[in-house]
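Below sits a lone chain in structure tokens, taken as the form predicted on its own.
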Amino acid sequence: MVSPIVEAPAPTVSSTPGLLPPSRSQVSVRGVGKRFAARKGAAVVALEQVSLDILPGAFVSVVGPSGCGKSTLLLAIAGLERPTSGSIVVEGEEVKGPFPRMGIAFQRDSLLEWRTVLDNVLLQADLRGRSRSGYIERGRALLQMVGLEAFASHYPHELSGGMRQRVALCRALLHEPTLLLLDEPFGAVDALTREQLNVDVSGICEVSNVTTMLVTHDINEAVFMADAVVVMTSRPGTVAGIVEVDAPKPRTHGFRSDPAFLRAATAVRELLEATGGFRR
């Protein structure tokens, strides 16, 4: 298993993230803070002194109470939000704008209703100014991986919510990104579909060997999919600790009853409770 941080074997909880040499970490976050100006009253401090390292090929989940800056951190790594302080380095380059080798998916699938499923996947190539002819085969292969090859010529309104999210994931992976950022991508689907997507997406990420960061409010989802779970404090968000999930991949539905899963999930909950993530 790829270890995304320098820590003892899971489910050890660390009060501070491991700091890797820049040459080893794919994503290096150092002392990042983010302050939002307010029209009235004091500014809102979303993030404060966040430091984190992610190794190539790792899958890292981020959990924390609402408003703790999870999505803000993800957007900052993506280059879509500028931090107020600190620095973010991805693959040796300081992030000053959108990272070209990045794929990103949000809670809303944002599919274009007038384009077919395959054309929605190929939108990634269109927006990047690349010839779509060179991506059709990969687009079809990705749809096959998520069980949607028979729906390539269908339109989004003919799909369920879970199917639409699978299309959005294929679009994010079309250009073979080295970094995949997922911001609550399963939040709008039903519980059973969500569990199936956890299996499907973690498997695709494993096969693709893409470094992945998932922001979620669901502790079980975070543990099921990740090599390590980053737990954040309430606002202003900082890293309260990191829980490694010491279990092989790929994982099946049965992993949710595995002792390693239960230990890691318990460690995450205890850390959230200890740092004010749960109201008493």
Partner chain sequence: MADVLSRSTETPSGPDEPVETPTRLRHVIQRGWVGQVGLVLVSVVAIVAIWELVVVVFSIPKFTLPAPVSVASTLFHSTGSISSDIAVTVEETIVGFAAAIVVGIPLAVAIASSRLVERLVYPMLVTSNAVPKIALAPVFIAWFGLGSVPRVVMAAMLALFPIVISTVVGLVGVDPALILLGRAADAGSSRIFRLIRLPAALPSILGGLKVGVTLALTGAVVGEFVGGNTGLGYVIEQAQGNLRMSLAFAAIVLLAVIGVVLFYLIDLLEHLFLHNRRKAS
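These figures come from a predicted structure and were not determined experimentally. Numbering follows the first chain given and starts at 1.
The same protein has a further form, the form predicted together with its partner chain, not shown here; the description that follows concerns it.
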Exercise. In the model of the complex, does Ser133 have a heavy atom within 4.5 Å of its partner chain?
Worked result: no
Exercise. Hey, in the model of the complex, is Arg138 touching its partner chain, heavy atoms inside 4.5 Å?
Worked result: no
Exercise. Hey, in the model of the complex, does Gly92 get a heavy atom within 4.5 angstroms of its partner chain?
Worked result: no
Exercise. With a 4.5 Å heavy atom cut-off, would you call Ser110 a contact of its partner chain in the model of the complex?
Worked result: yes
Seminar exercise, completed: Note: exactly one of Leu118, Ala76, Val189, Leu148 sits with a heavy atom within 4.5 Å of its partner chain in the model of the complex, namely Leu148
Exercise. Should the three residues Ala43, His217 and Arg263 be counted as contacting its partner chain in the model of the complex, with contact defined as a heavy atom within 4.5 Å for each?
Worked result: no
Exercise. Based on heavy atom distances of at most 4.5 Å to its partner chain in the model of the complex, which listed stretch, 217-225, 29-37, 45-53, 249-257, is the contact stretch?
Worked result: 249-257
Problem set entry | Neighbours of its partner chain in the model of the complex among 143-166 [non-hydrogen atom within 4.5 angstroms] | Met145, Val146, Gly147, Leu148, Phe151, His154, Tyr155, His157, Glu158, Ser160, Met163, Arg164, Arg166
